[in-house]
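The data below hold one chain only, encoded as C-alpha cells and taken in the form predicted on its own.
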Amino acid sequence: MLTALILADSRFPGGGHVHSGGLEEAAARGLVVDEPSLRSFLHGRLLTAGLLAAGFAAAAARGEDLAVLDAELDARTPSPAQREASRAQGRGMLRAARRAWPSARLAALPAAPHQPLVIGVLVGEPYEAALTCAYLAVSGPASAAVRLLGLDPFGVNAIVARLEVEEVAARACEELPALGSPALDLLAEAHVRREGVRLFGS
C-alpha cells in the first residue's frame, strides 16, 4: 500500500505534473470554466480514460503478459497524442521507480511503457493498482484546473474526494475495459497542435 501512496503523491518525480489530462485544452476552449464544469469533466474522464487505465493497471498487477497488455492498450487508445502522453508518463515513472524499487519485472518493461502498466507492476495488487490509476486520472487534471483557472483548491479537492474513484477501481478489476473517450482524444489532438504558450505537455 505504501508504494501506491507514493505513486499517487504529486511530489513523486514521475513527470505527471506536466500533464493536464486534456484539462488545458478544455479550459482554452471554454469547456471548463468553474467548479461545476470541472466536476463534469473529471466525472467523464474517470468513467472513460480512468476506467481504461485502471483496468490495465490491475491486469499488470495480476502478472499478465506485459507485451500483450502494452499492445492492447495501444489499440484502445486511438489518439497518437494520448498514446504519447501515456508513454511519456510511463517513461518518467519507470525511471524513478527503477531507482526506488529495482526488480526483474520492472526491468522487463519496454523503455517507454504505458503508465498504467508501470503502476500495476509496482503496486502488485490489482485493486490497489486500479485505485492508484483511477485517482491519478482525476487528480492531475484537478490540480491543473487550480493552476490554469485559479479555482479554489479546497473546492477542487472536495470535487475529487466525492468522485466514485473506488467504484471505478472495483469495476476495473473485473475485466479489461474496451471503451473509448473520443472527446478526450479530440482535445489531446487539438492540444498538441495548438500554437503559442502551453503550460502542460498534454
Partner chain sequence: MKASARLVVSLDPHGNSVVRVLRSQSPLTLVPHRRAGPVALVHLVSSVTAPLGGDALELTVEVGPGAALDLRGVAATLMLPGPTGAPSSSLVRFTVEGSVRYLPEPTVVTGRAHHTSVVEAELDGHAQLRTREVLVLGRTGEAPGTLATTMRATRCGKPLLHQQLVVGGTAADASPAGLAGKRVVGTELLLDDVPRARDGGEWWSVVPLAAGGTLATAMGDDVVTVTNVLDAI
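Fair warning: this is a prediction, and the values are worked out from it, not measured in the lab. Numbering follows the first chain given and starts at 1.
The next section is about a form of this same protein that is not shown, the form predicted in complex with the partner chain.
- Contact with the partner chain in the predicted bound form, defined as a heavy atom within 4.5 Å, is made by all three of R76, E84 and A178.
- The partner is absent here; in the predicted bound form, the one residue of A96, A108, A112, A71 having a heavy atom within 4.5 Å of the partner chain is A71.
- Of the residues A144, A172, V138, V32, just one reaches the partner chain in the predicted bound form with a heavy atom at 4.5 Å or closer; this is V32.
- Looking at 129-137, 42-50, 152-160, 58-66, the stretch with residues near the partner chain in the predicted bound form, meaning non-hydrogen atoms within 4.5 angstroms, turns out to be 42-50.
- The partner chain in the predicted bound form comes within 4.5 Å of a heavy atom belonging to R193.
- Residue contact with the partner chain in the predicted bound form: D9 places no heavy atom within 4.5 Å of it.
- By the criterion of a heavy atom within 4.5 Å, V18 is excluded from the residues contacting the partner chain in the predicted bound form.
- With contact defined as any non-hydrogen atom lying within 4.5 angstroms of the partner chain in the predicted bound form, the stretch 104-119 contains no contacting residue.
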